[in-house]
Every structure is written in C-alpha cells, then in structure tokens.
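First, one chain by itself: the form predicted on its own, in structure tokens.
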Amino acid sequence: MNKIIPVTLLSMLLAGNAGAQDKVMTVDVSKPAKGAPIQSTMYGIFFEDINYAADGGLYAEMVKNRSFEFPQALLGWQSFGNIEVRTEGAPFERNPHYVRLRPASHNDKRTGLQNEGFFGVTVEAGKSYRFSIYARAFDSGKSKLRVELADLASMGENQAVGSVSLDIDGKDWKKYTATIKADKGVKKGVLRIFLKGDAVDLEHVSLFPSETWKGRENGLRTDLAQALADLHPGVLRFPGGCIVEGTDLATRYQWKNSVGTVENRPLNENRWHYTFEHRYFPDYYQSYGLGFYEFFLLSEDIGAEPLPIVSVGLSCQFQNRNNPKGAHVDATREALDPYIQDVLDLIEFANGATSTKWGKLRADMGHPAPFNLKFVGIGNEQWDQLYPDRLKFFVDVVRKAHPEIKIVGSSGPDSEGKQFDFLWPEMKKLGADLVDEHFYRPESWFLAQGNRYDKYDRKGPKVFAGEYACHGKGKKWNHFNASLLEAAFMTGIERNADVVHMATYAPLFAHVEGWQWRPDMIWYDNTNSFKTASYYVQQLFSLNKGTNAIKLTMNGKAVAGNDDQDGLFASAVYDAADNTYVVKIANVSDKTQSVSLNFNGLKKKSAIGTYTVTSLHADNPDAENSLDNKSVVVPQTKSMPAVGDKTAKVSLDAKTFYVFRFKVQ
C-alpha cells in the first residue's frame, strides 16, 4: 500500500528532524502580476491515433470495418449463407463496397453477418446501444433483418443478450436505426445480423453506445472524453505526429477526407498497424469517423485551442530512410501547391464565413460559427534541408493570406544533437512562431534538464514541447518514478513561461489489448479506463498553472536539481484569479527535506494565511495504476492552518511531488 505523508509545519516535525538545517527557498512576490504571463495553452494534450486511440478507443464506434472497405473486404466479419461483396450502385462514392444478402437455399440454413468489434463487442447489462445501417430491398422491395448482440461463450439457452427486428422497405438506399438493450453484460461478444426476408443490400453497419460524449450520434466514449476534459487542457494538438506524414504520401493523413458526411469518408491505412512486428495489428485502419470536424468540436467542448498538424510534403523519414528520394514532393512551389492549398482551405474550414466553400461545409455539418483557429503546425518530425526547403513556401503563403495564424515548425525528432542544432536556426530564419520539440528520454535525461530553457533566446520563436515522456530504463511503463521526473522537468517549463508557450505529454491513449507504444497517459479496455501517475502530474500542473510565473530561488539560483540542491526542483506562479501563490516542488531524492518558503516582498501587514498542499507519492517507485486498481498513485490534498508569517516552513517527503496553494491575508 502507498502511504501519503502530508507536508507539515516544521514545528510539527518529529524530534529527530528538529535540529535539521532548513533549506531556504525565496519566492519573489513583490510584483507578481509583472511576472511572465503563463499562456492559456501552456499545458495541453496531444492526440495521435496509435494504440487504438481513435477506432477502438475515443471514437465510440463498436463495429470494425463497418463499410467493408478494408483491403480484405470482410476483415472483422464472419459471413454465413449466401453473401457477396459488391460495388455497383453503391450509395457512397468514396466507400464503394457493400454486401448483398440472399436467402439461403434451405429452411434450416441461414444467411447473415457477424462482426467481432474491437477486441470483442463489449456490452453492459441494462445499457442501450444505437444500431444503424444503410439498406435496400433491391429485389422485392421488402425484407427483414434480425440484429443481435450475442455472447458466443454463453452457457445459456440463447446466445443473444439483446435483439431487434428491422423492416427494410423500398428498393432505394435508406438509413435504418434501432435501439438494442443488453439484458446481460458481455465482454467478448459479437454483433450478428440475420436475413429474415427477401434479398437485401447492406452498407455502413454501425453500433454506438446510446450514451456518448455530449450525446452526439457520431460520438466519443464518455469516460475517455471526460478524462480529457478533467485535464482542463489549454491546447489540443491533432491528428497526430507520424500519421500526419504517412509511410508514403498516399497514406498520409488528409484532413479533407475526414470531414463531410461520415458515411462517405474514405478508409485510410494507419502506419502503426505494420510499424512494429513484435506488436503487430494487421487490422488497424482509420475510418476517419473521428475527423477534423470532431477534433475541432472536442477542442471547443473541453476549452482547448485547436492545433491541427498538416503535411509539409514529406512522408515519414524514419520509415523511408532507405528511400529518401521517393518519399517526398519536390521542393518547388508548383509541386507543393496542393499541400499549401490544403492549409489555406483548413483555415477557411475552421474560421471562414458560411458563404465560403469550406466554411459552408462546416456549417452544413452543424457548426455555423467559426472555430476560431489560431495555430497551425506544418510538418512533424522532419529533418535535414528537406524540411526548411519546403516549409518556407508554406510560411510565405500563410503569412500573406492569414497573418493572424501562428505557425508551428519542428526541431526534428531529437532533443539535442545535429538535427536539433540545424533546425532551430532554420525555424528562426523562416519566422516560425513556435518550434515543436520532442523528447522521449530516460530518467537521467530528465534529471539533467532542469535548466534546459533558462538560456534560450527570449526574442526568438517560442517553444512547444509537443511530445515528451520519461522512459524508465528497463521499465518502459507508467511507473510512479517516471511521472515524478516529468513533474521535475515541468517546473523548468513553468519557470520559463516567457519562452515555453505549450507542452503536451505523449502518447495520450492506449488500449490494454492493442498497444504498440508505451508509456501512455490513459489506458482502457472496451468499457473501463484508468489514469496513470503521469496523467495526474499533467492535471496538477494544468489546474494550478496560475496567471504569471514568479521568481523562486535557493541561494540565488533557480531550483532545478543542480548538484548542490539535493534533488529538488521547484517553480512558483501567481494566480490573479484568487490572489494565490502556487509553489510546485519535486523532491526526487531518497530523503525527507525541510524547506522554508520565504515570501519576499509581501506588504507590511500581509502574511501567509491558510493553504492547501497536494502531494503525489508512492512508497514503491515502480508502482503504477491499472484497471484492477486505479488508485495506487493518486493525488492527496490537505488543508493547512494559517501561517501568520511571511515564511512557511514545510517538510518534503522523499520521492514526492507537491503543489502548495498559499492565500495571503
């Protein structure tokens, strides 16, 4: 069991610590509102469709290959009886496949389909599910279907745990809907469709929980979307990193394919289904049901600025290291024009008037008001001269057409080194507003990065720490110690709020049966989810980001895990909303430490009043949350009595992250 030992006043310490020498941290509160403004976008989230993050995850669709567009048209399906896959006369141009069901040749034979879902069709007892299908009774004009939620492993007399009948009326394609209530819960069930009448054609077979985020028909899983909302993120980067590039340009993420009627959004190959042979998922595709419109809606719902990332005309350089010349568009304005136009059209889709082509599409989809897009990222983890040679054309055009849009460039895949050192000056030269830095690094790296941003150019582009996570040596999972070091690193981000304007942990989501990369912030199966220690670190920073960074020092130096600071990392902010000072301290050492927080600059008759302290701690540094135990590592908050002085004396337990909120009285 993990034990949270609360921070106490020094006078309450055990006698054995009474004579210990306090460390003194000075918090300069003389002009708190003059400190560097902390951007609303400072702490956010990054969504990439890896680890079944979209289909099978956040996107609540329960049917795999619902439009029969996988390269193997019936992958995810079992068919029985008289069935054929067809394309002639399909209702949706960009999803041309459908199935034709004809009656079986005998009274005791059956024709139908059975879908396996994503790691099973999982239903919960007493809950309802929204089934929909496009169908036509092309022969007689009349037909009937029976649709079931079934448990194949049931020992009961009937496999079905819920069913409904649908009358198909007419020779033209129409949408039919029904609600199915599950009488029993099933973890590894199937969706089954029986033909009970004359011949019929079926397309876009869909099943959603009746309860989705905001009640939307083409909606998101409520628990996963709510977990994002609970982070109170300032920015949402989407639709990913490497999937924006694609293994080749034909399979890059193309935002225009992800908008419009959901039934006509074409399937896209997900580069993550074949990337790792040791974690291989050959049925991992993108339905685009969760597309740019839904990403913009999600951003709006959770109060985050949308940050879409688009292709710069380069496919994934990692995957094309042996074929560099065949993996990109020529670095000429003419060749890049379609890619540049995609950016201009995206801005029009997000912000344009309803009288414009793409603004009208947004309105037709249900959102006449603009989404107020302010940022766009161009390229992901590109490197070498290939990247700036292309980016310059995008910058020139977007600057001229939309000077209000801030452009995010990239410093490549590394946190330092040859490519990093080459690209930063290039981003400055091109006039990028922010530069996206990525670092998946071990504990030693995070421990050494407390001063990373202290000497960055204050007048250059701002930093977007767009992908980062601590990967423990031999422990590549979400253990507590990794999250503690992430918290330590983030104090350096916060202290340099004049340079760092955005930060997003990655990856965001992972299905427990379908992951290819870890650690990840939120894990889930088909019905349940849990938040990792890294999630709580991100949440604590976001909920306590304040409005202005203020100076905090120890012996005149920033508290950044330096050699003489005994494993302490700290930052401080002022929150003008409630006149509160927030101090964050990570004690990554193996010992309890006593600290005096001296609030320098308080007015003569002012003193520190009551305060709260929130701690994140685990006795076992390898501890992690799980579906079976979601609360192994969770924050603990206590209210503390008024200090009545200008110095608060606190004790910091070993291997613990703290957030103090001090009121002034």
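Predicted, not measured: the structure shown is a model, and the values here were computed from it. Just count from 1 along the sequence shown to find any residue number.
There is another form of the same protein, the form predicted in complex with alpha-L-arabinofuranose (AHR); it is not shown, and what comes next is about it.
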>> Considering non-hydrogen atoms and a 4.5 Å limit, which listed residue (W272, F131, F489, F292) is close to alpha-L-arabinofuranose (AHR) in the predicted complex?
In response: W272
> Here the chain is shown alone; which of P308, G241, P388, G246 has a heavy atom within 4.5 Å of alpha-L-arabinofuranose (AHR) in the predicted complex?
Replying inline: G241
>> At 4.5 Å between heavy atoms, is I50 in contact with alpha-L-arabinofuranose (AHR) in the predicted complex?
In response: yes
>> Residue-level contact is defined here as any heavy atom of the residue lying within 4.5 Å of alpha-L-arabinofuranose (AHR) in the predicted complex; does Y611 satisfy this criterion?
In response: no
>> Please tell me whether any heavy atom belonging to W517 falls inside 4.5 Å of a heavy atom of alpha-L-arabinofuranose (AHR), as the geometry stands in the predicted complex.
In response: yes
>> in the predicted complex, is there a heavy atom of alpha-L-arabinofuranose (AHR) that lies within 4.5 Å of any heavy atom of P507, even though the partner is absent here?
In response: yes
>> Based on heavy atom distances of 4.5 Å or less, which listed stretch (205 to 213, 438 to 446, 94 to 102, 526 to 534) is in contact with alpha-L-arabinofuranose (AHR) in the predicted complex?
In response: 438 to 446
>> Just to make sure I understand: among 461 to 486, which residues lie within 4.5 Å of alpha-L-arabinofuranose (AHR) in the predicted complex, judging by heavy atoms?
In response: E467
